[in-house]
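The chain that follows stands alone, in the form predicted on its own, written as structure tokens.
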Amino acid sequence: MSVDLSVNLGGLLLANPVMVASGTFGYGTEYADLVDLSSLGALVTKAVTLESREGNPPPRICETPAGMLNAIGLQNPGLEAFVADKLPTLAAPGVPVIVNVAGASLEEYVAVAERLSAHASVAALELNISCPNVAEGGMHYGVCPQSTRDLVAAVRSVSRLPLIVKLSPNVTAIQPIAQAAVEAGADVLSVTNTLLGMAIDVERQCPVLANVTGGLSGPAIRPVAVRLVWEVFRAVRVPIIGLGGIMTARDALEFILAGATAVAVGTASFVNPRTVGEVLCGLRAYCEESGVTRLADLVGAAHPS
């Protein structure tokens, strides 16, 4: 049986719904010997900022039960180095390239987005308004509806590319943030980023991470992420990218049934770099076994009709 796995993300057409999460797959080349990059639905980059960033001091990663904490701090070579050195290799596999955009100010987000929008090899932008590991920018814009609205509107005014907004789980209610993003021009919402957490070394009696806190990812956060996708699906009518602890095709199906049009694999790639391929194969097998000819028909199917 032939299964149609294609999806439409706000005008961005993907051959399949399985992509990689920003910050977990480098710039693709790091995994090229292990993963068929051309099989991805899309390749999402590490965050790009206007100027280069060294990130937070080490230690900045630690393993936790059913997950990990990271406080990388958006380490990246900066916009111009990214355009010159990274973007050409990203385009090579022939799949859509989604660039994750971050900044310390609204003006920085706008400058990066405007510059990237001029490059034909950039298929979409993902605004990172939810990183919990930086002192300025990041999550600051994703916890207040008005700040979200202002930032998204400013970027929308300088870019015609499909605009994805990556939301934070570190809020009392995610629906008002989602609605503000959509009202300001977001075409797609990415749900969700890492949960703010920390670990303490009981022998040394101090925080494990030099940054003290970090973002918790992995299977431990999946039930929270699925719940957030469910809530956002009921609040807005734009496609959703679901992520947070996806390790298997069944995990991905939870997100799709909750309302996600596409899914992103993150922490699992550190454990098993071939997870993205296994998830894609598993989705196809599930559809074949269930008599589903079009994966898009499963989006939000768990909601009451």
Ligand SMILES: Cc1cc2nc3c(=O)[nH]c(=O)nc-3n(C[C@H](O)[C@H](O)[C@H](O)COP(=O)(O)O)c2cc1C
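Heads up: residue numbers just count along the shown sequence, starting at 1. Bear in mind the structure is a predicted one, so any value in this text is a computation, not a measurement.
Below, we refer to the form predicted in complex with the named molecule, which is not included among the displayed structures.
Engineer: Considering the named molecule in the model of the complex, which of 279, 258, 42, 47 comes within 4.5 Å of it through any heavy atom?
Structural biologist: Comparing distances to the named molecule in the model of the complex, the residue within 4.5 Å is 47.
Engineer: Ok, 184, 95, 72, 143: which has a heavy atom sitting within 4.5 Å of the named molecule in the model of the complex?
Structural biologist: So the residue touching the named molecule in the model of the complex, by this definition, is 72.
Engineer: Taking heavy atoms and a 4.5 Å cut-off, does residue 245 contact the named molecule in the model of the complex?
Structural biologist: Judged by the heavy-atom cut-off of 4.5 Å, residue 245 is in contact with the named molecule in the model of the complex.
Engineer: Report whether the minimum heavy atom distance between residue 266 and the named molecule in the model of the complex is within 4.5 Å.
Structural biologist: Flag for residue 266 set to yes.
Engineer: Taking heavy atoms and a 4.5 Å cut-off, does residue 125 contact the named molecule in the model of the complex?
Structural biologist: Residue 125 lies outside the contact set for the named molecule.
Engineer: Check whether residue 192 has any heavy atom within 4.5 Å of a heavy atom of the named molecule in the model of the complex, and answer yes or no.
Structural biologist: Residue 192: contacts the named molecule in the model of the complex.
Engineer: Would you point out which of 171 to 179, 84 to 92, 109 to 117, 210 to 218 contains residues with a non-hydrogen atom within 4.5 Å of the named molecule in the model of the complex?
Structural biologist: It is 210 to 218 that comes within 4.5 Å of the partner.
Engineer: Using the arrangement in the model of the complex, list in sequence order the residues of 20 to 52 with any heavy atom within 4.5 angstroms of the named molecule.
Structural biologist: Contacting residues: 21, 22, 23, 24, 46, 47.
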